[in-house]
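Alright, two takes on the same chain below, each alone as structure tokens: structure 1 and structure 2.
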Structure 1
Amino acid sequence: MENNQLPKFSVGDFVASANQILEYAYPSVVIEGEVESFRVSQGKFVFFNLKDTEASVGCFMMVFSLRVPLEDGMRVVVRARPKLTNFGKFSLTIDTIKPVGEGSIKKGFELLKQKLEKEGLFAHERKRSLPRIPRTVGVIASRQSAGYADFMKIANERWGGVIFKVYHVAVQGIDAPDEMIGAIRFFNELERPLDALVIIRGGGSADDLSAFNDEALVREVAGSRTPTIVGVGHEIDTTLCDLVADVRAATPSNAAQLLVPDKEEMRRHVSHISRSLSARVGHILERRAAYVEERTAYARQLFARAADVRMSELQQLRRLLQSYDPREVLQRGYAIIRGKPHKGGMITVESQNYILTAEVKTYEQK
């Protein structure tokens, strides 16, 4: 083929054309590989190579898109757009990235955990308590999952009268964190705030649960204006969303147990109040009757004591009065003399047994 039959470009046009072809063929691709030469430039741009045993390709992304801390050697899966730069270098522009494989997931988990712990996101003081009986609850879950079914089963068995607003999301995979973030924002922007926000997922592999270690999602849970309860996986599983939630449930079933009271327990409680009230009223009436009886007895006692005192005073007065009786004096041998004492005058002398009349022979002043 002659050159004049071949397509001819300027360099810029060729790069643009190549990018058009790439964009048409691979608008977005998912690639798994190992991180190499990871670095952050100017605090904004992330560069690394994604490699396997056969090849290596340069990657670029903005730091705010980096949802899990990375280190060289970690295995990751990326969703990216292939691109030829104006310098002729082929690279992947990363839209999303997440660690894969147990070792890398664990490494990413630990790195992010340390970072968030330093920021105090797991601090006990940040935890809010859930209302004792919630009325409206937001549920973020996959409606097809066993975890959601378990949660609703236990919630319905335990309590009633709650409005559950369910937001269906993917709970695993590369899109799961953003879907859950969207759901949390939806609930937090409702005009009437909810009483609680439940995020649940049943058990799965470390890779299945890794969506719940996404930094942006963890921060969204931490910043939720509605108190959150997170129940992900089985009892042995711990995700960063668990750690940052206001209430951590071991499983979706446990989330239902922590969220709503048990109606049987509540009925027993009310029944106990009712039964104890009649006993209490009986006891109060007995106490009141005993009090009245005791006061009456005391009043009787006071009256008797006062009467004794008065009687004793009366007797003393009577004794005093008796001592003033002239007959008492005559009994002691004295006599009463009546009449004026002058020579030749007549006087009467009264003793206990006699009244004498006598003439005054002499008298003198003492």
Structure 2
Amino acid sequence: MENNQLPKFSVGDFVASANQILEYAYPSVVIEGEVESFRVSQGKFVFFNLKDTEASVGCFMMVFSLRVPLEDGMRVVVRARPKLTNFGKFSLTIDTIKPVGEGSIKKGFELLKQKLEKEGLFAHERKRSLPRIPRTVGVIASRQSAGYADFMKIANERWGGVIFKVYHVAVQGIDAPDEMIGAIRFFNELERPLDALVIIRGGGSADDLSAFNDEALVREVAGSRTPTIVGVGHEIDTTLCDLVADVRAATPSNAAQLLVPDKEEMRRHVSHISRSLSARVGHILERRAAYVEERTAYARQLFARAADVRMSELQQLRRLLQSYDPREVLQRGYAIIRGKPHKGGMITVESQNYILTAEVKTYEQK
């Protein structure tokens, strides 16, 4: 083909045309490789190379999209959009990134753990208690997982009547963190708040559980307005979501045990409390009866003593009145003389045995 038959572009048009072809052929690609020459520019832009033994490609992303700490040498998987820059350099614009491989996952875990720990996200003081008997519970899980099945089976066996609202999500893979973030926000934005929020998945490799170490997801769990319980993996597994949750469960089954009480145990507890209360009430009534009887006896003693005192005073008054009785005076040999004694006057002499009226013959005043 002669040159005049070939398409002719300006530089800008060629770059734009190449990007259109790339966008059509590879709108999004997933690539795994090792991080090289990692740096952050102006606190906003992230640059690094993604390499393997055969090639290396430049990568770019915004710092707010970086949800795991990176260091050179870490192995990661990225989802990106290939692009030719205006400077003629081919690069990948990163949408999501996560470590892969046990070493890289562990390194990213430790770096992010240190960062969040300094912020106080793991502090015991900020954690809330779960309600003793929840009524409505949000469950974030994969409906197809064994962990979800175990959780629901044990929860329903232990306690009936709880309303479980389930939000189905992917619990591993590059899209899992964003799906779980969406579920948390959905439940937290309900008009009527839930009593508790449960995030569960069964066991798996470090790579399978790495979604639960995503910084954005961890912060969403920490900021949930609904108390959270996280049960991820086996008992020996620990994720950052476990550490920021209000309650950490060793497994999905353990999450069910921590969330709802056991009805048989509750019946025994209520029966024990009932017996204990009956015994205490009986003891209190016995003590009250004894107290009333004691106070009654004491009141009777006081009344009898007061009656004795009043009777003694009455007898003394009676004797005093008797001593002033004229008849008592007469019995002692005295007489009562009535009238004005003077010569020729009449007087009456009254004694115990007689009354005598006589004329005064003589009268002498001393």
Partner chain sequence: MSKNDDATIEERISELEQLVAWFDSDDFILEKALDKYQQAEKLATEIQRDITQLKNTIEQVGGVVDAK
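None of these values were measured; they are calculated from a predicted model. Start at 1 and count along the sequence of structure 1; that gives the residue numbers used here. So that the term is clear: the rigid core is the largest set of C-alpha atoms that superpose within 1.5 Å between two forms.
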query: Identity of the form predicted alone among structures 1 and 2; finding: 2
query: Gly88: Cα shift of 2 Å or greater between structure 1 and structure 2 (core-aligned); finding: no
query: Large Cα shift (2 Å or above) at Met311 between structure 1 and structure 2, core-fitted; finding: yes
query: Displaced residue check between structure 1 and structure 2: Gly282, CA, 2 Å or over, core reference; finding: yes
query: Cα displacement of Tyr291 between structure 1 and structure 2, core-superposed (Å); finding: 4.2
